[in-house]
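Starting off, we have a lone chain in the form predicted alone, written out as structure tokens.
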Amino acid sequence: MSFNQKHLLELEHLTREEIETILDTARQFKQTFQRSKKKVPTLVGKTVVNLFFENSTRTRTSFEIAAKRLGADVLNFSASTSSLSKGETIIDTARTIEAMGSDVIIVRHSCPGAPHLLAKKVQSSIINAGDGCHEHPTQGLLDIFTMREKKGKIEGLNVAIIGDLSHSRVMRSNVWGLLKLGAKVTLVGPKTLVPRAFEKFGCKICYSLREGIAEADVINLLRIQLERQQQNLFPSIREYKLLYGLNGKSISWARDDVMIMHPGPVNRGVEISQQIADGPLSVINEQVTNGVAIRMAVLFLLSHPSGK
């Protein structure tokens, strides 16, 4: 298998073989986590820049750790204290960073397509760390990696994704990756957050939590993204919690060995109770660990086409 992409912008246009190459490479890097010296200096001399226009804890930190474990130099760019506040364009900002010697630029932006625009304007490799409601490819990859690690396969798995799916870039990356690897996906939530049009992805749509999780091998919960909603799409957080929150009662509707996931940040007591989030079915912290492995794999493969 090979990986010859210059950028990682989305999972929609990656092949099954390319996705599997990333997953297999991440598995090799994760094996190094048990060593006393965790560094694998394959990116020595490379410069990786985190160019984040939205707040982030897990993604930015995970990319920074991944790059440093590979031996790269890392620059964390703060949009709020940059010349962007003086009217400079994102393209000029990226070109300025590149002129200082960047090899990889990791971009998070509220505008869908921003990483795609930069990929056309600079020579550095661009990694999409989340663009509006479009995609978040490395989150999708780490979720799929965690499912494959715990369940042993993706082919044939029943995965229920629950929450604010209208505004979720994580959902879109999960769906593209899971369907290409042979999983079955059910999208669950209120009608205002799960449009029937999502059936075009090849997913099943379900508006009942009980029905949606009954056959699930994996439940991936997504938070309510009030910051992206332009209007109130359900009466209250309390009502959403009662109808779609995963708790001690609703978990009884699922299989005994169902796996519970959440990309974070977690709204405890809303989409998931503390009991479930910290319980034996949850792999939320393992997702965070696997995020470092996936991002190491992506940085390595973009810098070493065909794994060379």
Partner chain sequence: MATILIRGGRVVDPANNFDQTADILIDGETIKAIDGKIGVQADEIIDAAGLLVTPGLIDLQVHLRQPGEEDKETVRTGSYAAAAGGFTSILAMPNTKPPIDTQADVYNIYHIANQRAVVRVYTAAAITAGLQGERITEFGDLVRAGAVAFTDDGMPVMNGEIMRRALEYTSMFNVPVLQHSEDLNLSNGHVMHAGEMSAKLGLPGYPSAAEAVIIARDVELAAMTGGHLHVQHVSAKRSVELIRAAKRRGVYVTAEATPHHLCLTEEAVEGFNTYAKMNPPLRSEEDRQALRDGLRDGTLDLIATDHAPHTEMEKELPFIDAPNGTIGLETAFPSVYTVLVESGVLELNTLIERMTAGPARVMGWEDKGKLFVGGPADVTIIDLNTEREVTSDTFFSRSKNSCFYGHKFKGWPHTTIVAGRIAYAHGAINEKIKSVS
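Source: prediction; values computed, not measured. Positions refer to the first chain, counted from 1.
Below: the form predicted in complex with its partner chain, not depicted.
*Asks:* With the partner removed from view, which of 99 to 107, 118 to 126, 216 to 224, 151 to 159 is the stretch that lies within 4.5 Å of its partner chain in the predicted bound form, judged by heavy atom distances?
*Replies:* Heavy atoms within 4.5 Å of its partner chain in the predicted bound form occur in 118 to 126.
*Asks:* At 4.5 Å between heavy atoms, is residue 201 in contact with its partner chain in the predicted bound form?
*Replies:* Although its partner chain is absent here, residue 201 would touch it in the predicted bound form, with heavy atoms inside 4.5 Å.
*Asks:* Although the partner isn't part of this model, could you tell me whether residue 71 comes within 4.5 Å of its partner chain in the predicted bound form, counting any heavy atom of the residue?
*Replies:* No, residue 71 sits far enough from its partner chain in the predicted bound form that none of its heavy atoms falls within 4.5 Å.
*Asks:* How about residue 172: is it within 4.5 Å of its partner chain in the predicted bound form, going by heavy atoms?
*Replies:* Answer yes; at least one heavy atom of residue 172 falls within 4.5 Å of its partner chain in the predicted bound form.
*Asks:* Should residue 180 be classed as touching its partner chain in the predicted bound form when contacts are defined as heavy atoms within 4.5 Å?
*Replies:* Result no; residue 180 lies far from its partner chain in the predicted bound form.
*Asks:* Looking at 237, 79, 111, 75, which is the one with a non-hydrogen atom within 4.5 Å of its partner chain in the predicted bound form?
*Replies:* Filtering the options by heavy-atom distance leaves 111.
*Asks:* Check 30, 40 and 63: does every one of them have a heavy atom within 4.5 Å of its partner chain in the predicted bound form?
*Replies:* No residue of the spot touches its partner chain in the predicted bound form.
*Asks:* Taking its partner chain in the predicted bound form, which residues along 120 to 135 bring a heavy atom to within 4.5 Å of it?
*Replies:* Contacting residues: 120, 121, 131, 133, 134.
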